[in-house]
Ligand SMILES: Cc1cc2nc3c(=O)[nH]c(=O)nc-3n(C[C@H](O)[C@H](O)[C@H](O)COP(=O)(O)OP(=O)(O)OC[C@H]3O[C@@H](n4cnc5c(N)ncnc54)[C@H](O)[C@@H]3O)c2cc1C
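Only one chain is shown below, in structure tokens, and it's the form predicted alone.
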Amino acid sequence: MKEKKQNILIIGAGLCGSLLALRLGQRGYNVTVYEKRPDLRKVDISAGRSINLAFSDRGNKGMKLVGLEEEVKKLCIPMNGRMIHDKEGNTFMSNYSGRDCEYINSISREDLNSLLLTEAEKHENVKIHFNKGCKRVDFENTTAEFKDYVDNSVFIEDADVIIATDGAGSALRKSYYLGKKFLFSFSQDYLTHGYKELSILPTEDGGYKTFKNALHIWPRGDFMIIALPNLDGSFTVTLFLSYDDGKYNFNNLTTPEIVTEFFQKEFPDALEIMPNLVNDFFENPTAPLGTIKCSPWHYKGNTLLMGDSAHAIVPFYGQGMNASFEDVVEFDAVLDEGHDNWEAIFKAYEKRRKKDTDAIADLAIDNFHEMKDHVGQAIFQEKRKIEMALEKEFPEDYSSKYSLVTFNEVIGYREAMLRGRAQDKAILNMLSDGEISTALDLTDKNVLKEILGKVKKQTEAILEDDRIAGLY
């Protein structure tokens, strides 16, 4: 297929859309991007939305693809593990991996998006327009209707192909659903919890008020707060809390007094460094948390959903952005396969990708429960100690579920999920049965070798049961 003669319309200039525009521009396509929001390089549009994200190996594949790996590194703050805070203010550091080279990074959404937009616009064949929101897509005729939010005019754009990267509220996905021109499956599942962005401001001299190189978690069973560092010395804090359940919930935290009481009781050490809590709480919106799955992602050879438009997930594995960047990498690989037309490209892409995006959606729900509750439990902490020891002593032979998902980018999310869950089950079962224990000398290589053998044997037995049951 001759790439340079193809005109591609991208709806949405967020992280996925800007990376896709850059890569397609590099390949020689004529690319036009329309974004409903103002240009974030000129206007602050965060408005309580997550301003920093967890960037890891799968996302970095996208940066390598477009030649921006070194530039993006400058925007990153390494986070080596989770810093767990209990009610008494005690902390416990749980590394993400026993391998020193494996860590995640806190990165500014705005800075990363700005970099991608600027790089995309360096290509003459890429044009990006802001303040123009898509209202609907005629997927049969490959046209899209837009509204200009500056002058309120309405206009139609056409292209050879339309790719929607316009997030969970995708206009193209809505057009698929409402059009009823083909069999389209769609599910949207919300958690009973929502989230609110708060902040820990830097010290007067621009320093950090708590440990910089960690993702901080205050797990409280049914709710939690987390904090990620920013380059300016601040932390972005996110409260995850039920709308209705429990003594404290978003529906009854209605006054400064009850908000302060809630934090004094549940997060006293955080409150000490958050004098701005009340202002943040009532100025920033409360937002829902949901998962979107749908199929097919494409209509014939005309239109395609990508990123959150196709598979929005909750944020608890830190993989939403990374998965969307990996979408672009996988799509680019399909373009290299030499298919004759767009329909063949779209079919091959979805067949390769959907099983993995379904898996990371399920894993993100799992990690929600792990972060708000399990990380504070003794048996979970024992499991992590054993896994860290195994990864450190046998870096080529063992990877935890978290490492498989986050750092082992050469395997898909689904394979990482199935093997990781089996390993978790094996270790927890053996801890409960007393077959392995952290009371053993985990610095003794022979002891660890014996534990590794038991974990591998039990993991393979569980995987075999899963295969027989048709789960693998």
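Everything quoted here is computed from the prediction, not taken from an experiment. All residue numbers are counted from 1 along the displayed sequence.
Unshown form predicted together with this ligand; subsequent notes refer to it.
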(request) May I ask you to check whether Ser324 falls inside a 4.5 Å heavy atom distance of this ligand in the predicted complex? (result) yes
(message) Under a 4.5 Å heavy atom criterion, is Tyr195 part of the interface with this ligand in the predicted complex?
(response) yes
(message) With a cut-off of 4.5 Å between heavy atoms, is Arg27 one of the residues that contacts this ligand in the predicted complex?
(response) no
(request) May I ask you to state whether Ala171 is within 4.5 Å of this ligand in the predicted complex, using heavy atom distances? (result) yes
(request) Using heavy atoms only and a 4.5 Å cut-off, decide whether all three of Ile11, Gly14 and Lys132 touch this ligand in the predicted complex. (result) yes
(request) Would you mind picking out the stretch of 63 to 71, 433 to 441, 30 to 38, 400 to 408 that comes within 4.5 angstroms of this ligand in the predicted complex, counting non-hydrogen atoms? (result) 30 to 38
(message) Counting any non-hydrogen atom inside 4.5 Å, which residue from Gly167, Pro219, Gly98, Pro296 sits next to this ligand in the predicted complex?
(response) Gly167
(request) Pull the contact list for 85 to 112: residues with a heavy atom within 4.5 Å of this ligand in the predicted complex, in sequence order. (result) Arg109
